[in-house]
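As structure tokens, one chain now follows by itself in the form predicted on its own.
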């Protein structure tokens, strides 16, 4: 790093010993008015930097999905997302959900479909919880390896995001355990894995589509050297440059492997690298084919009123929700695979996630609790309910349900809060 940064090296090393700044991204509907005095993240209009870190697990607006706590530099992916809609998007390594909720915020309810994929079932638990809190039902959660997607759906997606597993050098300040796990050979091993994943991600991009590759490391072998080996030399691809004036916190790479570094001494974020590439319109994927979209399996009877455009899909004894426009973008073969959408109804009652939709369900009594009652609600203490289901709000934010004669929060949700 001394060789790379020259005169900036001392400032960089000093920054690693300083505490990280807490950043969050507001929900475009549920949280836009929060933290009005906070410093803005220059590359995301809803990014905010806090002077102090709250106890988020006691904050009703966090539970309501009004914002997502995300490292500031990771919000930069937004600047490379195409403006056209609808978009078919896949996040190949989506857990715990930072990039996925960012993408959902860009798509909104009618802007397309997000496949939030992660092969690790343990990591998918947090991913599903975070997507449920975000409350935009335009996603499917899947658990396949990127190579599985590349083999079956080449050239299908308008945006492919690969936030690759890496040596984690950019996390040392945030998580000292990452430094303890580092080894000089780790970067070489990770680069081999990343290139295999990058080849799979590359195959998925449709002509005119964009591939976003990112890591949380400073190592060139895992960043621009990967891009140079897999993408930059291919004439079918062109670099997507940072639009407009480049912020001072962002450092471009040199040479043909275009990418951007975020260093902790230059800006509010941690260590981060991002590179965006577009497949030229005239370039066809090696095995490009049109994948038909089949009729989605609508539920026959829906026990709750749904917002306009939201359809209910039967999954065993539960109902899950997906926007009709998003469902129309699901390739037909995928309906037969294992996936999960936004929970609506389970265990003969509205799902916890149904209360967190950014366009709330109507037709239910609403119970407004004072903020000081929120810890008791979180702990599952009983509150008398007058109706079978009452939607609970704290200062106008919907946080869940009261179930008459039952605990206020489902056990799985409370278990997640305890062990998160």
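Predicted model only: the values in this text are computed from it and were never measured. Residue numbers count along the first chain shown, from 1.
The following text describes the form predicted in complex with ligand SAM, which does not appear among the structures shown.
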item	value
92, 120 and 193 each touching ligand SAM in the predicted bound form (heavy atom, 4.5 Å)	yes
In the predicted bound form, the residue from 145, 265, 174, 189 that sits within 4.5 Å of ligand SAM by heavy atoms	145
Contact assignment for ligand SAM in the predicted bound form, among 163, 224, 158, 106, heavy atom within 4.5 Å	163
Heavy atom of residue 97 within 4.5 Å of ligand SAM in the predicted bound form	yes
Residue 197: touches ligand SAM in the predicted bound form, heavy atom cutoff 4.5 angstroms	yes
Stretch in contact, per heavy atom within 4.5 angstroms of ligand SAM in the predicted bound form, of 111-119, 205-213, 149-157, 253-261	111-119
